[in-house]
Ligand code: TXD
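As a starting point, one isolated chain is supplied in structure tokens, in the form predicted alone.
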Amino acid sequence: MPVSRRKVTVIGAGNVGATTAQRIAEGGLADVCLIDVVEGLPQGKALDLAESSPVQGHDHAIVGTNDYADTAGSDIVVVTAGLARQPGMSRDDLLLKNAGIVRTVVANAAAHSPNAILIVVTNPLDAMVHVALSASGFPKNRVIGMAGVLDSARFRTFIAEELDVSAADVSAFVLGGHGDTMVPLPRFSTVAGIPLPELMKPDRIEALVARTRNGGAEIVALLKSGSAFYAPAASVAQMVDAILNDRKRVLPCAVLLAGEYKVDGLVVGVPIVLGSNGVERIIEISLTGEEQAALLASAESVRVLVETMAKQPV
């Protein structure tokens, strides 16, 4: 019998979407369907990527389209469509415009791939997961936001640079909303198993925490036009790998909580086990009073966005 080919649809052929498609195909994970509303854009980028396959040594198909019928039967749908932040623009500024985009693309994708797992990348991330849950009608284990993987990668990078060690030996967790209210957890961050507070002074830890919170804005300011895409695409690819290969990876992701961490009915970044069913389970860790308060404050910022969308439906 022929081997079934795994398929991932990436919605949005901008920098994040195209780089995500590249990482998925070149990583040997799945065939990729790249879709965008702009005629010719996904087709051109997909063709360019396909023509690199002989050099990269993979046989995964990469196709571009403007027709959601071509996305049918996807195992995973990655949502990157939306407006990128510009200098001086907060993630919240994007809220209503991107909510309308996400609602439309998710409804179309879900109709053609009713068994898919959704990975949401569009900002403001946590609020867009709420939109995707509503638009798809999927159970909450199959709608996941990519935030904590990226935020933790940034925190790990800064720690490794500060201590002059390999980033591969650094483990870090960042919880909460994707933005200024995220909650990096230094005491759960380690270097080769050594707790970060034993290796770094409190003031330096706080400086790295602050830089992590502003990680996206720092890149936007440097680029002048556009936003980060290499690290976000790598983070999505790690999640895709965990799902398609049922790796049961423990990763921080934005998911809908139902009482965990004293948060109910809001999407917040927490550690989960990510496997073939999407969110296999949520891992609850014991937080200090200060950490819990910071997480609840982060959840409250998500609540404000959700209520704003409810007052001004897209």
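For every residue, the number given is its place in the sequence shown, counted from 1. The structure presented is a predicted model; accordingly, all values stated were derived computationally and were not measured.
Same protein, other form: the form predicted in complex with this ligand, not shown, and the subject of what follows.
Across the options 33 to 41, 242 to 250, 55 to 63, 272 to 280, residues that bring heavy atoms within 4.5 Å of this ligand in the predicted complex belong to 33 to 41. Site residues Thr80, Leu94 and Val121 are all in contact with this ligand in the predicted complex, judged by any heavy atom within 4.5 Å. The partner is absent here; in the predicted complex, the one residue of Ala99, Leu196, Leu150, Ile144 having a heavy atom within 4.5 Å of this ligand is Leu150.
Proximity of Pro232 to this ligand in the predicted complex: non-hydrogen atoms within 4.5 Å are present. Although the partner is absent from this view, Ile205 stays clear of this ligand in the predicted complex, with no non-hydrogen atom inside 4.5 angstroms. In the predicted complex, at least one heavy atom of Val16 sits within 4.5 Å of a heavy atom of this ligand. None of the heavy atoms of Ala21 is located within 4.5 Å of this ligand in the predicted complex. Residues of 197 to 229 lying near this ligand in the predicted complex, listed in sequence order, are Ser227, Ala228, the criterion being any heavy atom within 4.5 Å.
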